[in-house]
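First comes one chain, alone, set out as structure tokens in the form predicted on its own.
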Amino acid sequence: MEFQKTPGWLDWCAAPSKPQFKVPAGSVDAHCHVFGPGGPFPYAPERKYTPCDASKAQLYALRDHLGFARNVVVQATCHGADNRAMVDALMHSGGKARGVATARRSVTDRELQELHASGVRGVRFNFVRRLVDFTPKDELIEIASRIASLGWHVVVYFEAVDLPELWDFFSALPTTVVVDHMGRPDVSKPVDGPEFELFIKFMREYPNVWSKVSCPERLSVTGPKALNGERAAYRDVVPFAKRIVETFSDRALWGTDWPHPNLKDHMPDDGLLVDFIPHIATTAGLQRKLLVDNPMRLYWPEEARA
């Protein structure tokens, strides 16, 4: 089946640089995707964008190039609730990948068990209006209650301005809750301003809430410009991510977000994204928690306890 990519959106970086920062042994890229390929894994009819194909083989080649050991593959909205491409990536990972699925109320207990056996450990609820139509909250609560018995968690994707509206719903979820990309703060505002302080308060009041400190390329106003020859791009995002890592060191995760869908202005160099890490996790201890200990505890708890 042929699919035409949404006009104006960029393809992923085909030749990322080698990072200068060497990640700790056993590091996990805890947020990435596979798209199609559209032939064997068609994109959803209801999708709001059509990406370029980005296969499991290309994802795992990037993992090796960047020095990571494992991946968490998150279901992309362009595939809707058809998790086959994501599951196929897990099944061909040699146990080195876990997954986050999209589920509808109609999913059966048997299907949930099959997803678990493939390596799925969470479901994603998307509240970004330009990407999806909101699923009714009563349906999401029902799904969350069903997956709680499997030990799964809920990943939520929203924008900072919507947190007040979503607060009561998020705080009622009966699972660990992982927030994508720090709730997409406006980094042109102060890191100690009321908007980001509300997110800090949310994490402080609910110890089941985790945050990914990923996607500086989506949040940055200054962009990928390096200063004085340093590989220190997206500097305006650093104070926000650094604050999360230092304040909630046991509840922070990092991921590439490869293959970076929906970008029009620039496509990030994944090697440069890795070199962002030591600016937000400034000690070896924080780096190990962010990249190894925390994702292992959440996605491979049987190994983390060993």
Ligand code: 0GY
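Numbers for residues come from their place in the sequence shown, where the first is 1. Note that the structure is predicted; figures quoted are calculated from it, not measured.
Not pictured, yet referred to below: the form predicted together with this ligand.
Checking T77, N83, S211, S93 against this ligand in the predicted bound form, a heavy atom within 4.5 Å turns up for just one residue: T77.
Interface residue among P261, G255, G271, G38 relative to this ligand in the predicted bound form, by the heavy atom within 4.5 Å criterion: P261. Site residues H33, Y49 and R184 are all in contact with this ligand in the predicted bound form, judged by any heavy atom within 4.5 Å. Figure note: of the listed segments 69-77, 189-197, 84-92, 168-176, the one touching this ligand in the predicted bound form, with heavy atoms no more than 4.5 Å away, is 69-77. Shown alone here, R218 lies within 4.5 Å of this ligand in the predicted bound form, counting heavy atoms only.
Put simply, R98 is far from this ligand in the predicted bound form: not one heavy atom of it is within 4.5 Å. Heavy atoms of R121 never reach within 4.5 Å of this ligand in the predicted bound form, leaving it off the interface.
Although the partner is absent from this view, R130 contacts this ligand in the predicted bound form, with a non-hydrogen atom inside 4.5 angstroms.
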